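What follows is a single chain, given as structure tokens, in the form predicted on its own.
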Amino acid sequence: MNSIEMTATGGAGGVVVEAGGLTKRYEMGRKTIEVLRGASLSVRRGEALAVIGASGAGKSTLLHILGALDHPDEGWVRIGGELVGTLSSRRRAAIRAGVIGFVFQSYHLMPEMDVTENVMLPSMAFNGGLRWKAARRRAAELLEQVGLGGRANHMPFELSGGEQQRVALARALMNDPEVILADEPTGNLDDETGGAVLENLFMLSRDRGRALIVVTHSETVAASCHRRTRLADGVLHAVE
């Protein structure tokens, strides 16, 4: 068993994220494209789930709906016991900031902010976030955990791709979220660098008992999760 697989093993607690009957359509001229058609899933605390599928299958759309960034045309999402579709826009924003941590393929670091400030962003945007000094301390701790303690005052352009993704991972954990959603987190990285990022991702989610959903094309990444599900024809199918 490799190191990534070892960090992904472990028990799971209660259900944190669940969704049922998710349907999403897009209008393309006179044509209607249905990227999701009744997709359902549930993920428990401490569990890592991989969502695999062909390009254009709707994996990112699914992740955006689960993360309250988009709305389904039909179906429902429950996060931490709350039905997202019934909530006010303010409450949905609070869930995005305080309950969910996002890791994107393209890092999305703010170029005018240093590494520490980038990690602090979720706390600064969240009403329930830490005060400035406490937020800086937490950011410093997270950077140490992802091996970037010595890069705290650097600007994003001074970092490699792998280092930028580790900053993005630390940022996703800033508000100690219940759920981590990762969209192709190693897609822009070589195998060795991607492996290091994954090891951090699985270790930190495991140690905090967080639910982790990873959208990936990589069979290596998928095999490192507790469960795999394939999105095909708009429906999620369990992979043995």
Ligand SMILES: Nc1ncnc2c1ncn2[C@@H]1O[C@H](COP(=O)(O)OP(=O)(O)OP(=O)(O)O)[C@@H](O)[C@H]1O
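Since this is a predicted model, take the numbers as computed values, not measurements. All residue numbers are counted from 1 along the displayed sequence.
Here the subject shifts to the form predicted together with the ligand, a form of this protein not shown in this document.
**Asked** in the predicted bound form, do 26, 55 and 59 all reach within 4.5 Å of the ligand through at least one heavy atom apiece?
**Response** Yes, because 26, 55 and 59 each have a heavy atom that approaches the ligand to within 4.5 Å in the predicted bound form.
**Prompt:** Though the ligand is not shown, can you say which of 196, 189, 35, 41 has a heavy atom within 4.5 Å of it in the predicted bound form?
**Reply:** Only one option qualifies, and that one is 35.
**Asked** Wondering, does residue 105 line up within 4.5 Å of the ligand in the predicted bound form on heavy atoms?
**Response** Contact check for residue 105: yes, within 4.5 Å of the ligand in the predicted bound form.
**Partner-proximal stretch of 26-34, 41-49, 173-181, 206-214 relative to the ligand in the predicted bound form, 4.5 angstroms, heavy atom** = Answer to the contact question: 26-34.
**Prompt:** What are the residues of 81-102, in order along the chain, with a heavy atom within 4.5 Å of the ligand in the predicted bound form?
**Reply:** Counting only heavy atoms within 4.5 Å of the ligand in the predicted bound form, no residue of 81-102 makes contact.
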